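The chain below stands alone, shown as structure tokens; this is the form predicted on its own.
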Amino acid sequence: MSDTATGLGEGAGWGEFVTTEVRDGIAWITLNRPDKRNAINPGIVREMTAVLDAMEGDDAAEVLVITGAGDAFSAGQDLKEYFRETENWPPHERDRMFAANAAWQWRRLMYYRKPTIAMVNGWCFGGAFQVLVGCDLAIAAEDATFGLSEINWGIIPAGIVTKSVSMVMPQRDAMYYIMTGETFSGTQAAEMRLVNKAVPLDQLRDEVTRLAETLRKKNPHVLRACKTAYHHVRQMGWEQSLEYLMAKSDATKFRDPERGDEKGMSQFIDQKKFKPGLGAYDRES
């Protein structure tokens, strides 16, 4: 286990199925089963759970990027190791594994305390959609291959996959790919808003780095509040949203250790050196 894994600074390391590298405030987290297209097995579940715990408390990791080794982001759940080989596990152990998998792919990522970016470098299938949608933002290689192939196996996109897809893709597109099992490209994924942007593969890391650097410049306390507020209000009505957002705004200002609202207002009105439409306020002043 490396210093980064224990939250002691920059570097590379971690385990057999997940690797990490923290450089210049960005934690690059890589699913590391390239020979299996990074299909999610119990080992990935355990290691990703531990990695997310460690990165959350590591001040060197300001933004998390999740990607895959080799030519794939992830082919989804490993049918053999995750399902077939766990059939004879004691029921409580199997239930715990399934719960842990749902936790890191969905509940943990969606409400994670730090910004997360999915860097889709290649194949992205089935259960990997939960990881993709669980991340705050996503950038894909134009020639990455996406697919909801469950129908071809005689099953439905279960876990929380269908729910995840329904939150980000238009209904016609979601229904088409769920029902046909056909694949689509990173360029098409961007057109359907499954990802924020698609770029040539040789530009993917640079584009993700640029986005991560943009997020690093923001007030982390307020950025976290923005994420939380969004996920809550999309499930609320208008009146509830108004009450919640006003209370959330007040709480965010009160608890912000940087006093960001005061700095931003002063730099805009008094010092006239800050234009909010063009970038973040100077957090160091």
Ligand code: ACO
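Just count from 1 along the sequence shown to find any residue number. This structure is a prediction, so every number in the text was calculated from the model and none was measured.
Just so it is clear, the following notes concern the form predicted together with acetyl coenzyme *A (ACO), a form of the same protein that is not shown.
Residue heavy atoms within 4.5 Å of acetyl coenzyme *A (ACO) in the predicted complex occur in exactly one stretch of 198 to 206, 211 to 219, 121 to 129, 164 to 172, and that stretch is 121 to 129.
The listed set Arg37, Arg224, Lys248, Arg46 contains one residue whose heavy atoms approach acetyl coenzyme *A (ACO) in the predicted complex to within 4.5 Å, identified as Arg37. At a distance threshold of 4.5 angstroms between non-hydrogen atoms, Ile139 is out of contact with acetyl coenzyme *A (ACO) in the predicted complex. Proximity of Ser149 to acetyl coenzyme *A (ACO) in the predicted complex: non-hydrogen atoms within 4.5 Å are present.
Within this chain, Gln77 lines the site of acetyl coenzyme *A (ACO) in the predicted complex, having a heavy atom no more than 4.5 Å away. Acetyl coenzyme *A (ACO) is not shown here, but in the predicted complex it comes within 4.5 Å of a heavy atom of Phe83.
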